Ligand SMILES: Nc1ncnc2c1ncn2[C@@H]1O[C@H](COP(=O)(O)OP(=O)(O)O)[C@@H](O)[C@H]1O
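The chain below stands alone and is given as structure tokens, in the form predicted alone.
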Amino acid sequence: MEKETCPIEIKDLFKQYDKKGPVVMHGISIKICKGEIVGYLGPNGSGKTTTIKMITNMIKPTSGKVLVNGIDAQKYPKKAMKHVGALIEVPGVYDYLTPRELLTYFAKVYSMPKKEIDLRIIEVMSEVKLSAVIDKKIGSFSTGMQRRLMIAKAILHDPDILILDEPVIGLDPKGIKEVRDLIKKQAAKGKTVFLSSHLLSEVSETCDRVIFLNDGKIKEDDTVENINIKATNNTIDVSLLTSVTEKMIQHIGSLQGVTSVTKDNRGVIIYYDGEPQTSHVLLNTLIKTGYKVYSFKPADGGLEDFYLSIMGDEKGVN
């Protein structure tokens, strides 16, 4: 039986903007299967937008391949992008148009049947809760409204794949929930969604799987469920009666089995290897050192804790 092609497949993707400059992407490989909602997380400059722009053929990789529905996106961009809807940035060049005019233009670009265009525009404007402003100038829209309009543009031609860069930026909590529900609705139809975001809680609520990127390298790739388990098993919440100093954080961070330490309002959160023996040794060491520990327990964990544990103090380069 022939193996089903994944809608998005990235193979050994490298990117270096000039021969003497830093390597931005270090040979990353990703597979995203049909119907998945995959979050792409990392600090500013980690390479998230660079990856997305290479998938959508806005920039060329130095080496490696991007396959969209099995089609090489660099060799056959028009064919590969035919079934992709993308939100990468909110341009300001459409300020003088109305949503109806903008979407009509892109419907023609997508070669949609003329008799379907008007009805489809009304449908997508309703889905993003912008029906009331369908004939208003886009220049008068708030950032959040522009974001929702660009999501309408991305789903206009009913694509199989959605690639969304920061889809909820600028939205209020109600707008965020509406976009989350819209994304889940698209996935329920069998569509594949690849999105980047800085809102860890929203990624946790929306995505099935998360890929962590830093410095152009993949640090982790797992389901949200598994990451929550890992975060709980690898995190200790330590409450102290004394103030936490930088020297204290450095000392705890140097102990065997500890991957990183962060300060919180009651003490510190220790990220460690998850071994019971390490936890036992840590508690004894903290007490013997003279730290006034009044609580020592695994934290609730979650995406944010896991993100901090694997990223530490690392910074993105481009």
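Numbering starts at 1 and runs along the sequence shown. Definition used throughout: the rigid core is the maximal C-alpha set that superposes within 1.5 Å between two forms. Please read all numbers here as calculations on a predicted model, not as lab measurements.
Keep in mind the form predicted together with this ligand is missing from the figure; the text below concerns it.
This ligand in the model of the complex comes within 4.5 Å of a heavy atom belonging to residue 44. This ligand in the model of the complex is not approached by residue 57, whose heavy atoms all lie more than 4.5 angstroms from it. For residue 17, a non-hydrogen atom is located within 4.5 Å of this ligand in the model of the complex, even though that partner is not displayed.
The shortest heavy atom separation between residue 24 and this ligand in the model of the complex is within 4.5 Å. The chain is drawn here without this ligand; in the model of the complex, the stretch among 27-35, 46-54, 251-259, 273-281 whose residues come within 4.5 Å of it by any heavy atom is 46-54. Relative to the superposed rigid core, the position of the CA of residue 169 differs between this form and the one not shown by 2 Å or more.
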